[in-house]
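We begin with a single chain expressed as structure tokens, specifically the form predicted on its own.
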Amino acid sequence: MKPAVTFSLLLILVIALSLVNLVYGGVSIPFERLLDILAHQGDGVDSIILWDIRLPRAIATILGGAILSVSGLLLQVYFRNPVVGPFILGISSGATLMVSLVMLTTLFLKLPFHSPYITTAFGMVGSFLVVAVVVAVASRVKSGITLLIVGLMVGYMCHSVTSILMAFAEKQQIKGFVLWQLGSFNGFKWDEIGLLFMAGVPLMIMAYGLSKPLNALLLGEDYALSMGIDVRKTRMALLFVACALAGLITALAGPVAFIGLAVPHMARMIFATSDNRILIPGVILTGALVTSLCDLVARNLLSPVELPLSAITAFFGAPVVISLLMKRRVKL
């Protein structure tokens, strides 16, 4: 199947699933009523539910899934390891630690900016700090298993510090932080959607701009150098974009597992290629589709109780990774 056809099918599925997310929930909105509200914004209860709750959440889910998937793809290319992702390498844990400094202490009271911007900035800083440690180790060891263990250990260390902060925090702060840690696109406001667009979309465009150098890197650094590519600058740009994307979503939505790890593999299977010029837009659509589906299941499976999003993404992502390891006999 040609990539253009596959892109079109994925886009149609993303739009259709987004409409389903807008219709179904604790209060169902008939499709005809949905179209009427979208065309003529009113003041009724359905209009408030749609415009203030479901539409921002649906958009955040699409953007969040796309952003996490691109981050995971870039990290897998950088480390040349198929089981690398923001969650596995501890990048999400680093972002979580820095966000906990904002949410569990009074640090944010001394800063003049609005809270989403503070948490996003701190989340990005945390992701950069962790990846700096992982890259420093990666330059000294060649074993993929060692690298993964280092990422896990750094993640555990970040979790330990976060637990200590929780021990000294107030009950109300702990409650909000625990709910945030479950990972969810619930409660997104329009200013946070604007932040996702302003930061996430340019970063994904930057990622696509790196697609040709990334293709050269897949064939080895010597080949990339022979093509006139500055390998060092390319790797630095790749890491910057991947960490910024992961930190952005973790700061706003909490740690969401397996999307960044599993979706790139799903895109490779769907498009049957390793060409990043195809894979990057491919993972954007696939990530948006998978995350929207997981969010729909989390909201409606045991309604009115909403399940943690990471619990659902693990059910989708873990079998993909296990299948990859078994069928392709990946050597770490």
Partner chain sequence: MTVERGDNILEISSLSIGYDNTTVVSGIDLHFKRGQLVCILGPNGAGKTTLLRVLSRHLKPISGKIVLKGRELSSYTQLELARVMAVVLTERVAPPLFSVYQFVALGRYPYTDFLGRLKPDDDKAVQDALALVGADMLSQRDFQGLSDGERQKVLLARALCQGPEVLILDEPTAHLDLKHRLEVMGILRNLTRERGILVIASLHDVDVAAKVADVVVMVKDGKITEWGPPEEVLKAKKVESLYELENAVFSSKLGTLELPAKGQGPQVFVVGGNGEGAGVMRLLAKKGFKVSTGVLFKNDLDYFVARALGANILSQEPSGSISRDMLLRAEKLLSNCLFLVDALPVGIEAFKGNQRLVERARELGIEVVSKDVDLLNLEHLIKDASRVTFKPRLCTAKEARNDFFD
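It should be emphasised that the depicted structure is a prediction, and the values quoted were computed from it without experimental measurement. Positions refer to the first chain, counted from 1.
The protein also exists as the form predicted in complex with the partner chain; that form is not presented, and the subsequent description refers to it.
Stretch-level contact check against the partner chain in the model of the complex with heavy atoms at 4.5 Å: of 68-76, 205-213, 181-189, 118-126, the positive one is 205-213. The partner chain is not shown here, and in the model of the complex it never comes within 4.5 Å of any heavy atom of residue 54. Using a 4.5 Å cutoff between non-hydrogen atoms, residue 80 counts as a contact of the partner chain in the model of the complex. A residue is said to contact a partner when one of its heavy atoms sits within 4.5 Å of a partner heavy atom; residue 41 fails this definition for the partner chain in the model of the complex, lying far away.
Proximity of residue 220 to the partner chain in the model of the complex: non-hydrogen atoms within 4.5 Å are present. Think of it this way: in the model of the complex, the partner chain has a heavy atom of just one of 149, 236, 225, 136 within 4.5 Å, and the residue is 225. The partner is not shown here, but in the model of the complex the stretch 239-274 reaches within 4.5 angstroms of the partner chain through a heavy atom at 268, 272, 273, 274.
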